[in-house]
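Okay, so here's just one chain, in structure tokens, the form predicted on its own.
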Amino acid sequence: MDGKSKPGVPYDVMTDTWVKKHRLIYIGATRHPFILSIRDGTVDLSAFKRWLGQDYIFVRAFVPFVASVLIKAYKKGDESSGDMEVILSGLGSLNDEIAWFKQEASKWGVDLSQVAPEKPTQDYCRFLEELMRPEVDYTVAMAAFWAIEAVYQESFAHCLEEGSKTSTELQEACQRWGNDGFGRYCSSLRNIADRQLEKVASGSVPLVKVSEDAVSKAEVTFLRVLEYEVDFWNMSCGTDGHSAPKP
């Protein structure tokens, strides 16, 4: 592991601390009523179709964001830990993901060419554009990348757990993000984020003040991701009210 950990302090202490500290909003993002309705088999299919169309728009915006993280990893990442390879694997899989959305949309009768982005989708995509700026620290971008993927992994994995009543027709959607392989990928992203956070928090990179700011900004970014995710789920199931800050 890179950097110097304090004796007895767990390697993943930073993200663990965030999840515990912001547990309420984290649960709100990963156990949202929309997800729970899929798990218990009561989801309104019109809500699922709305989510499908809006998430297709988001994923297309997510591609250049991941590409920007890959560039940051090339410039600032740890070559010996394979940061670029992990991120590149995620970028490559997005091609299949976009194809899956198109296939699902056809199955459900959703004309993606006619789907207009709703406000929460627009806000979330603008947030991704903010994170793509060259001046955004690699640590901050990685925190966002991990959080975005982790919310989906934990949410849809919950729909596959023992005792769930997820309908057969939605099992494939849940498997896409809830499978063990995607879970391991999310763990890899988390490891990168934790390593970067540990590195900047320990002052093992130049410009300690900038490093301290990066840790603080990374936590704020983590929170913003959770807020945007809650807004996205709210939009999907038609719930009024949005919690995410304006970009």
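In case it trips you up, residue 1 is the first one in the sequence shown, and so on. From a predicted model like this one, the values you see are computed outputs, not experimental measurements.
Only in words, not in the display: the form predicted in complex with a small molecule, which the text now covers.
Visitor: Have a look at Glu104, Glu154, Glu97, Glu118 for me and say which one sits with a heavy atom within 4.5 Å of the small molecule in the predicted complex.
Guide: Flagged contact: Glu97.
Visitor: Name the single residue among Phe65, Phe222, Tyr26, Phe58 that comes within 4.5 Å of the small molecule in the predicted complex, judging by heavy atoms.
Guide: By the 4.5 Å heavy-atom cutoff, the listed residue in contact is Phe58.
Visitor: Can you check whether Tyr124 is within 4.5 Å of the small molecule in the predicted complex, heavy atom basis?
Guide: Residue-level check for Tyr124: yes, a contact with the small molecule.
Visitor: Although the partner isn't part of this model, could you tell me whether Ile148 comes within 4.5 Å of the small molecule in the predicted complex, counting any heavy atom of the residue?
Guide: Yes, Ile148 is a contact residue.
Visitor: Exactly one stretch in 214 to 222, 189 to 197, 32 to 40, 50 to 58 has heavy atoms within 4.5 Å of the small molecule in the predicted complex; which is it?
Guide: So the stretch in question is 50 to 58.
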